[in-house]
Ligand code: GSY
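First, one chain by itself: the form predicted alone, in structure tokens.
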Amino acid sequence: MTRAYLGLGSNLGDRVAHLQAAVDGLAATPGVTVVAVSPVYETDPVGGPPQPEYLNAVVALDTDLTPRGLLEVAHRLESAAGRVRAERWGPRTLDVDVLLVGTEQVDEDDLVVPHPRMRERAFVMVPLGDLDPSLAAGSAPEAGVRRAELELVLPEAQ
């Protein structure tokens, strides 16, 4: 099993429900065990058109899936949440990003691991640092990231 980290974000619809459904969907995926979920953060949008604030979190999991397999799971979860890919960096019901998969490195057209911009994004590094401070050392400043009074539930039966 390999430790992997996925970033979750939502700024449309019932944002908390979309994030929780992603955590639950990951836990229900064969070959995936959800180990921890960061606190939820409210964050300002980065890039793209004017849009509502995001809720963001990071999930730690142990998996025997490849980075490509995790990307397929991420796309399945986004589709289940009704995500429409209309505009780059546009608003979305659910965004699931493959951040890290052990020490694996992937550089393909549609998948780069470690995620190429994660160190520039406080909305990724702050919750990642909650799960493993060593991974967030020297990361982006915390501007635009506020801890929400919300929590995601770690699934009990996996």
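All values reported here derive from a predicted model rather than from experimental measurement. Start at 1 and count along the sequence shown; that's the residue number.
The form predicted in complex with 7-(2-hydroxyethyl)-8-mercaptoguanine exists for this protein as well; it is not shown, and the discussion that follows is about that form.
A.B. asks: Using a 4.5 Å heavy atom cut-off, indicate which stretch of 125-133, 63-71, 30-38, 93-101 touches 7-(2-hydroxyethyl)-8-mercaptoguanine in the predicted complex.
C.D. replies: Result of the contact check: 93-101.
A.B. asks: Does at least one non-hydrogen atom of E108 fall within 4.5 angstroms of 7-(2-hydroxyethyl)-8-mercaptoguanine in the predicted complex?
C.D. replies: Because no heavy atom of E108 falls inside 4.5 Å of 7-(2-hydroxyethyl)-8-mercaptoguanine in the predicted complex, the answer is no.
A.B. asks: Is G25 a contact residue for 7-(2-hydroxyethyl)-8-mercaptoguanine in the predicted complex, using a 4.5 Å heavy atom cut-off?
C.D. replies: No.
A.B. asks: At the 4.5 Å heavy atom threshold, is V46 in contact with 7-(2-hydroxyethyl)-8-mercaptoguanine in the predicted complex?
C.D. replies: Looking in the predicted complex, residue contacts with 7-(2-hydroxyethyl)-8-mercaptoguanine include V46, since a heavy atom lies within 4.5 Å.
A.B. asks: Hey, which residues along 3-29 are within 4.5 angstroms of 7-(2-hydroxyethyl)-8-mercaptoguanine in the predicted complex, non-hydrogen atoms only?
C.D. replies: Read in sequence order, the lone residue that approaches 7-(2-hydroxyethyl)-8-mercaptoguanine (within 4.5 Å, in the predicted complex) is G9.
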